[in-house]
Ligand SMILES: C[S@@+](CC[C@H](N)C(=O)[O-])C[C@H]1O[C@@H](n2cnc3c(N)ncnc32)[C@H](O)[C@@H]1O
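For reference, the chain that follows is the form predicted on its own, supplied as C-alpha cells.
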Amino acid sequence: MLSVPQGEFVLQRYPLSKDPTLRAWDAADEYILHHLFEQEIRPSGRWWIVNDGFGALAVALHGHGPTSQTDSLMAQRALRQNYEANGITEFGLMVDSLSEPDAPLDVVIIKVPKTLAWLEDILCRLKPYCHQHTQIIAAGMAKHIHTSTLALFEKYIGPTRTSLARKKARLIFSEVDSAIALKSPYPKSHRLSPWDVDISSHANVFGGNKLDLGTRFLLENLPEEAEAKVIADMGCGDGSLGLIAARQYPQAKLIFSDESYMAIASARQNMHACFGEHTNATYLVTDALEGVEASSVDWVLNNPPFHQQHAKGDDIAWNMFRSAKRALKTGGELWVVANRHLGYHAKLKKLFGNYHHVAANKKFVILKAVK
C-alpha cells in the first residue's frame, strides 16, 4: 500500500514478481509526491509524466489528468491494472515513447531512466513544449543520479539543481532556458560487421549504438542453412538477430516482438532499410510472443533480459521461454544466448524436457531446446 499525502493506493508490479521484496514504487516516487504536496504544486494546466515504472505517480496524481509516457507496454499494462485496482475511471492519456505533446506543458515529471541515452532523448523531445513557467521535476534514487545525469538537464533544458537526499532518493529541478534548442541525436546508426549492414537504434534500445556481445555470439553460431519457414526474434531490440536471419534464410517469414515501442520502431526501420517496404515480416509490441498463433513458429531466437528496470531476476526469461514453447510447432526450436552463470539450461530442461548445448565462450552460452 502506497501511503502519500494524495491518499493511499494499492499498487502492484506487472507482471507479478515471485520476489515479495519488490514493490511497485520506490522512495523516489514517495519523495516527489510529498514535494508536490508540500510545495502546493497544483496547477490546472497540462501534466506530463515520463517513465512512471508501474504507475505510482499517475495513480496518485490522477486528479490532474496527467498524460503518462513510457517506452514499455508492460508499464502501460501496470498503470491500467493499478487504475482499476484503485477504482479510478477518469484519468489522462497513455502514450508511447515516440509520441510528442500537442500543446505546451505546465508540469513535467520524469522518473530518471536507467539509460542516459533515453533521458537525453526525453529532454530533447519535451523541451519545445516547455515554456518559461513550466515546472520540470525529475526523481530517482541517489545512486542512479550522477554528474552526467545533471549535465544533460543543463545542456538540453537549462539551469539545474538537486534536492537533499531523502531515503536515498533525490529530486532534480530544471529551469527552462528558451535559448536552448537542440534536437535529439537519436536514432543513431552503427555498422554491423562482418555482415556489412547499417543498424539504426532509438535511444532506449538495448545495446545502444553497438552490437550486444551475446547477440553477436548467437549470430556467429547460427547454422549456415535451415528449413525454418517462420522465425521469431523474441525480445528483438533493434532487430539485429532477425535481420541477419532474414538475409541468411531468405525463404523464412520473420516475426519481431518486443515490449519496447522504440525497439519495434528500430527493427521495422532496419528491415525496411535492408529489404525495402515489402518485407515478409511482422512487428509486434507485445509481451514475449503473445498474439502469435500457437504452434506456428519453426524457430525462436532469444537473448533474454535478466532485469526489469533496476530489478534483476529470471521472471522475464521464464515468461519468454513459456511463450516460445506455446508458439513453436512440434519439433520447433528455441535458441537462447545468455550469460553462463544464469543457469537457463535447468529451466529449459524443466519446460521442454530437453536442451542442447550449442556453443560457449568465457562469458556466454548458447542453448537449444526442441518442442
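As the structure is a prediction and not an experimental result, all values here were calculated from the model. Note that residue numbering follows the sequence shown and begins at 1.
One more form of this protein exists, namely the form predicted together with the ligand; it is left out here, but the text below deals with it.
The stretch in contact with the ligand in the model of the complex, judged by heavy atoms within 4.5 Å, is 232-240, chosen from 179-187, 109-117, 232-240, 96-104. Proximity of F206 to the ligand in the model of the complex: non-hydrogen atoms within 4.5 Å are present.
The closest non-hydrogen atom of P304 lies within 4.5 Å of the ligand in the model of the complex. Under a 4.5 angstroms non-hydrogen atom cutoff, the ligand in the model of the complex lacks L222 among its neighbouring residues. Using a 4.5 angstroms threshold between heavy atoms, I316 counts as touching the ligand in the model of the complex. This chain lacks the partner; the member of S266, S260, Q76, T134 within 4.5 angstroms of the ligand in the model of the complex by a non-hydrogen atom is S260. T215 is the sole member of T215, N82, S174, N270 with a non-hydrogen atom within 4.5 Å of the ligand in the model of the complex.
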